[in-house]
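A single chain comes next, written as structure tokens; it is the form predicted on its own.
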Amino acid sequence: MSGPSTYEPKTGVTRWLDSRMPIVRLGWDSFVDFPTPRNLNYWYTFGGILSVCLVIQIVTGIVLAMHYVPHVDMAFASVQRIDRDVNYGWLIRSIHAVGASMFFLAVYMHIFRGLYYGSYKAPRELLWILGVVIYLLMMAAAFMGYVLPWGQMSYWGAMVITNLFGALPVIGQPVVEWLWGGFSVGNETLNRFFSLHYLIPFLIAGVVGLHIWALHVPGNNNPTGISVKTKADTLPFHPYYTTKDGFGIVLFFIIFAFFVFYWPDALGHADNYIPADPLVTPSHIVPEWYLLPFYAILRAVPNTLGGVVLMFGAIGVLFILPWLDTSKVRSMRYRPLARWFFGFFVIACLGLGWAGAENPDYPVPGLGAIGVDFLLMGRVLTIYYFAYFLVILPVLGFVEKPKARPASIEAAVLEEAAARKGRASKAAQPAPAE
């Protein structure tokens, strides 16, 4: 926990404000003097990266909304006009479009880091659950944003995904008609999606505030998974982690800028540069890359309702993850068997993304005469995805023998520094003469 506040107002204005609305104190305690484990690595910079990504998406989204026309006859043309006629419109739209992909790239790194280091375990269960809520809201905002350009993939993606809700018993058809605003995907659908796409990022910002609040109660997890025991285990957040996070953010945004300026359309689909035509179905309808694993899970089940249940279950299982993992050890640094299964889990997620991107009706040539059956591949990887959460993690907690852990975070840092010094000294020794 952060402990008592160390903020001291220095001027009359700050003392007056602090006695009435201590917002400066809140910022100081949360982002300056907040005691943070001293062994955080660069995998922990993705929280700061995600915050910057959210701000970028909101700011660019507001500007784009000033020029976008949510009407089926003008939406596609308005997007083209933003690119061609609005001052720096091409840049703002590229930042917003690429930013969505960068946002999801960062959030997936953030999630995998949390899985590896056990950041979902007590006392951080609520922190994890709020993170999953943010992820769900991101998926909803991304899907609705994908529809707004009103290209071929936008229209048919909306048609396919909204029709899935119709498979739900009793409530399915009313939900579909509410999303459509009528009896088919059309102008009312586009208006609804535009309104919700504009609103959801502000909801995300609100949940992010709760997420940060939930983080500051138990404090950060760390790569060892050991709780903070003494002040020697921590460092103030500023300047140590503001500098470290700043460096990570700069590196991340170099990659971001590369895509914005040199490859802005690489992460989208070419069919979305064709105006929506309800009479021409694309040969292969796919969502954006960051939703492809769930699309593969959806297609893995021949029954539509079963596919929908599994697709939502793939996210729903994350909500109960803190109670599925029975191991008392947080970090997989000290769980050698769990590391192997986690590595296979990461490969399974990547494989699901690949399977979701390909047409299951047309296996592509593999090695020699062997073809890749993407439907079978998706089914096998879907089984592993759910087995990892529902079988492997619960069982591992009882059968795995973890490695010995350091006595404290400070001890772990000192051991690592000594090992690094020993390796450097060994490398510096001259090679023996022959």
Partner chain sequence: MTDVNPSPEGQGPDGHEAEPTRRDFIYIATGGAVAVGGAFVLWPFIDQMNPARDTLALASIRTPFSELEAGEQVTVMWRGGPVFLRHRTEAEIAAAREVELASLPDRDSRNENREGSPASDENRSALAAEVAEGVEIDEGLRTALIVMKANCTHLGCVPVGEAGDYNGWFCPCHGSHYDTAGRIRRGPAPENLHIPPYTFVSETTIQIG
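Residue numbers count along the first chain shown, from 1. Remember, predicted model here, so these are calculated numbers, not experimental data.
The same protein has a further form, the form predicted together with the partner chain, not shown here; the description that follows concerns it.
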If you check Trp178, Phe344, Tyr240, Phe319 against the partner chain in the predicted complex, which one has a heavy atom within 4.5 Å?
Tyr240
So the partner chain isn't shown here. In the predicted complex, which residue out of Leu196, Val132, Leu126, Val86 has a non-hydrogen atom within 4.5 Å of it?
Val86
Should Val63 be counted as a contact of the partner chain in the predicted complex, where contact means heavy atoms within 4.5 Å?
yes
Report whether the minimum heavy atom distance between Thr234 and the partner chain in the predicted complex is within 4.5 Å.
yes
Looking at the partner-bound form in the predicted complex, is Pro70 within 4.5 Å of the partner chain by any heavy atom?
no
Is there a non-hydrogen atom of Glu400 within 4.5 angstroms of a non-hydrogen atom of the partner chain in the predicted complex?
no
Candidate stretches 161-169, 77-85, 182-190, 307-315 - the one whose heavy atoms come within 4.5 Å of the partner chain in the predicted complex
77-85
If we check the partner chain in the predicted complex, which of the residues in 388-402 reach within 4.5 angstroms of it by a non-hydrogen atom?
none
